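Let's start with one chain on its own, the form predicted on its own, as structure tokens.
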Amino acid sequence: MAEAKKSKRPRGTVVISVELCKGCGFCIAFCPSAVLEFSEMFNSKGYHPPHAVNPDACIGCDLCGMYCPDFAIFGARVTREVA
């Protein structure tokens, strides 16, 4: 019998508060899934905030939020819906 293919659902999500970010890069450096990189845009303070270049790879570990000194980012696990 053929195994039913599991649909690939995101395991986590990352939320970035662009205006709180000071562009330190800790979130980018500590992300184990390489979800983040610096944006080319500037926030109102003149910093390059991160953006999610690979959001489907996020595992919701929240290392980005734990290392952020400005509380400008956090990761969260996506819970599955029960049918």
Partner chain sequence: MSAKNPRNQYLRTERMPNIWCPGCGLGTAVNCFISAIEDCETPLDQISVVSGIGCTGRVAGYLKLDSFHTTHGRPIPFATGLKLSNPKLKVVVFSGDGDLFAIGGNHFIHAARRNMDLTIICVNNFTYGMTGGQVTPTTPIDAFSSTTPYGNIEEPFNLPFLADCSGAVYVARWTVFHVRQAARAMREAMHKNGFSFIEIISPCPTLYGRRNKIGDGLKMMQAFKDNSVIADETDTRNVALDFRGKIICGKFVDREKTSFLDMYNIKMAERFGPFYEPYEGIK
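Positions refer to the first chain, counted from 1. Please read all numbers here as calculations on a predicted model, not as lab measurements.
The same protein also has a form predicted in complex with the partner chain, omitted here; what follows describes it.
When contacts are judged by a 4.5 Å heavy atom cut-off, I59 does not count as touching the partner chain in the predicted complex.
Within this chain, A29 lines the site of the partner chain in the predicted complex, having a heavy atom no more than 4.5 Å away. Of the heavy atoms in L20, some are within 4.5 Å of the partner chain in the predicted complex. Counting a residue when any of its non-hydrogen atoms is within 4.5 Å of the partner chain in the predicted complex, the hits in 45-68 run K45, Y47, C61, D62, L63, G65, M66, Y67, C68.
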